[in-house]
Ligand code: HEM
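Next comes just one chain, in structure tokens: the form predicted alone.
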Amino acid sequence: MTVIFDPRDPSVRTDPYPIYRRLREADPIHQSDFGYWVLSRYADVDAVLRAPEASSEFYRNTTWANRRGGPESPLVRSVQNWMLMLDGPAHRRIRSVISKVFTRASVERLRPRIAAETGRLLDAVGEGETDLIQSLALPLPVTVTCELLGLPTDDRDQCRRWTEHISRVIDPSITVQDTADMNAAEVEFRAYVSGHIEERRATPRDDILSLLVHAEVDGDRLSEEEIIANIQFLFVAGHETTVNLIGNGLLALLGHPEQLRMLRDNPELIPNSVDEISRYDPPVQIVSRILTGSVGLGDVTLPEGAKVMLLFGAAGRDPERYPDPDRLDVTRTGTKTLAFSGGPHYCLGAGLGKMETSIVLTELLRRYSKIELTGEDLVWRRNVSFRGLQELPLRLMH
């Protein structure tokens, strides 16, 4: 069987899972026509995530950088300091500071605020028809990120617009217009954050932005460039992932009404069900690495310099890892989702995103006796690295 995989194919956005199945079965280590090796089995994806030879520093690749405006463009200069795009000591240096933001205690302190904001947004929705993406899934994570950092929540809509443009940086299907929009958004977001940094230098507050401004790593403080870049990254990581996790998760449950009923009858299952939801239809579908040395995967050796595309969505449906993988099962045990990556780049905000999703699902099932999908032709967002709905039209009844 000849398997051709192209992430720009519209069917990869609407329903990638039949394509992923064909890849796993016929060509699991697929050498694509667009210059990437494409991996679809759980074990292979997990192995590359953990391989010391797997580099995230894509900004060093001339072709990659040029498609995003060139090495000196605002966006490429920014991502050179993103924790996501750094390896080794440079990555650990930034991560050691950012990790202070995401301790279990710090995340848990946000629970009452997340619950209150979820309640406020659902109070505004009330009963009847709504688009849950616009009314809840989009505003909640960006509000939480603003609160986490100490930025004014009144600015959340603007922060969200900047974030939506900048997040396209990891998308393999960007256009010339996307590149222009990303760079314009980076310049505006940079100026906005820079003003708040100046305020914190003069008058520190009890917030995360002040922590980043004044924290020291081995006696050195983060530079302003590093702080701004990683605030942009935190918005991208926290916002895009959680919006999609909420939307994809609820859609999956609506497609498995017996599972939704089980959560309604046993709400204590909801927190642990989020891992299963993220396995079934992960908010992040594709990440990539460049190999600084060869990596062996069974009988196949990926050469030094290879660009590798890791399909998280395919790995989560691998029958070698999960029995009956196309079935959503909120009681499934042993779920080790790759939705939040793995290895040294495991997402520091995973606990926060899962908490937000758990709170949203709990509150929706508590408030509404009936939740119905009102549209059949769902539209998925253009970004193929992130998988998320443009809208989720629902009818909510008390």
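Remember, predicted model here, so these are calculated numbers, not experimental data. Sequential numbering from 1, following the sequence displayed.
From this point on, the text means the form predicted in complex with the ligand, which you will not see here.
- No residue in the set 137, 161 and 231 has a non-hydrogen atom no more than 4.5 Å from the ligand in the model of the complex.
- Although the partner is absent here, residue 339 sits close enough that one of its heavy atoms falls within 4.5 Å of the ligand in the model of the complex.
- Interface residue remark: residue 316 is not counted as part of the site for the ligand in the model of the complex, having no heavy atom within 4.5 Å.
- Among residues of the shown chain, residue 249 is not one whose heavy atoms approach the ligand to within 4.5 Å in the model of the complex.
- Contact check for residue 83: a non-hydrogen atom falls within 4.5 Å of the ligand in the model of the complex.
- In short, of 327 to 335, 32 to 40, 65 to 73, 349 to 357 it is 349 to 357 that has heavy atoms within 4.5 Å of the ligand in the model of the complex.
- Shown without its partner, this chain lists 287, 182, 132, 209 as candidates; in the model of the complex, only 287 has a non-hydrogen atom within 4.5 angstroms of the ligand.
- Along 229 to 243, these residues reach a heavy atom to within 4.5 Å of the ligand in the model of the complex: 233, 234, 237, 238, 241, 242.
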